[in-house]
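In the block that follows, a single chain appears as structure tokens, in the form predicted on its own.
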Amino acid sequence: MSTARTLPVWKSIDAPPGGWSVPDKAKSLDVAVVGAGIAGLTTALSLLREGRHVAVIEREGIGAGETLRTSAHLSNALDDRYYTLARQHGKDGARLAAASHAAAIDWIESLCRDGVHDCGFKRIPGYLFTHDGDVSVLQKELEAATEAGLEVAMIDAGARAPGMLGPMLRFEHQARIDISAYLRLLAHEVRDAGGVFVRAEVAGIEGGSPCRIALRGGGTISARTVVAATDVPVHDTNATYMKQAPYRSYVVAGAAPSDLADALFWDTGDPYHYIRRYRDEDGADWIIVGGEDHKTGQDDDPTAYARLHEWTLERFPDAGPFTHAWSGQIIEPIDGLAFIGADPDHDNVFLITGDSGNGLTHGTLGGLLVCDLVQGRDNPWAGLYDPARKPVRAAGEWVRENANAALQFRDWLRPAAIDRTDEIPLGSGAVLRRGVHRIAVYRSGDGELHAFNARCPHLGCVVHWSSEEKSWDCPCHGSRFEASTGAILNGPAGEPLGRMELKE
């Protein structure tokens, strides 16, 4: 199943080219890549070009996790700001971050140029503008980004960008892409290079020689090397989940106004807004606008899309009508950079997680970095992205995020918002209290009730109902579950919600 019910503007890809294969479970694989999003496919293609034999294991479709829920910005003007990255990783670390994301864009551009389709790739500028008129933030980022090696300048809006956005920073050499077309290109390249696509849901990964991959419903696959490229690891590892936090981001798309430049835009708000123009395969021009982020499972707000409409129309009155709205999961590392490299808890297992709002470039550089590590080569980015790193300069953020997660356990003491199932509307859900138990109850459109243990299998928080995506979301570490089956939509939970008998 998809990780969400809302529908992006991008076209879904239900099956890889050539269809799905069945692995020979009696034979150990060379490399198993778990996840067929941008990180998994980039890893697979990079290793196939090194002569390795690679199988990509995916439970749903190409990009069906979070890759097709992006707004498809390609940028090395990173969301966490270079003055923050320089403080947390040092000036050398900030320069490496800039260089690695630039290399990711270059790699994507090269693949598009060599392919039969350009996938809508184009180099365009990116603009950072203030949400409150405080130009000092722009000045601080200008100095830090310049020192990190980016080509950036302060400009007055009007001649080259919408005047209503005010002064802004202009970053050169950014890019945009049609992510659906690019994933199709990647999948074809993987297949043509000899890669195999296996449809299965992974329930666990155990490192070793060989590694063992447990499949949901029974059976195992063994492999010399495993790469977990599932946005959040779904296997039992303590390497990252306490060092990153899950957020939900919302996106709308509609007819583009005539005065919208072909560029990327972000503001300095928290949460921030992001904008781009997109021309689809039929030649229609769209404006894509995102923002209104909140912690997954917390602050559920069904008006997020309406607020995005209002924010957009205040700045672009001719935009719309809006025809698409969707959301996606963002995994925010506490020090701003992804966790890419060897899993310290499992031999011969590698991780790519922590997109930090720059998922397409983090996923791409993750594939390039993991390829080098699997091949035993040195890579200058390895220490910067090491999953075992101790983010000591982000200790305050670590305390804040983990204190926030701990506070969610108060739900076990709070009374339920409703007491009876007849108070649950069609197509909605609620958590009821029955003695010491919490029961997550969903009433489907036909009136049938689906009841589950509301305890998240990961660490025991009480799940919350998401009115936007019709799912059960854990407010502690972002695990998400399907409304009517309890199946896992997002990790780090390794087990689905357990069904419970419902008694009034």
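Note that residue numbering follows the sequence shown and begins at 1. The structure displayed is predicted, hence computed values, not measured ones.
As for the form predicted together with a small molecule, it is not shown, yet the points below apply to it.
The candidate spot formed by Gly37, Ala229 and Ser249 is fully in contact with the small molecule in the predicted complex: every one of the three has a heavy atom within 4.5 Å. Think of it this way: in the predicted complex, the small molecule has a heavy atom of just one of Phe316, Tyr278, Tyr274, Phe322 within 4.5 Å, and the residue is Tyr274. Gly359 is the sole member of Pro387, Gly195, Gly359, Gly297 with a non-hydrogen atom within 4.5 Å of the small molecule in the predicted complex. Using a 4.5 angstroms threshold between heavy atoms, Glu201 counts as touching the small molecule in the predicted complex. Using a 4.5 angstroms threshold between heavy atoms, Gln244 stays clear of the small molecule in the predicted complex.
Contact check for Ala64: a non-hydrogen atom falls within 4.5 Å of the small molecule in the predicted complex. Under a 4.5 angstroms non-hydrogen atom cutoff, the small molecule in the predicted complex lacks Ala148 among its neighbouring residues. Note on the interface: of 126-134, 306-314, 424-432, 325-333, the segment with non-hydrogen atoms within 4.5 angstroms of the small molecule in the predicted complex is 325-333.
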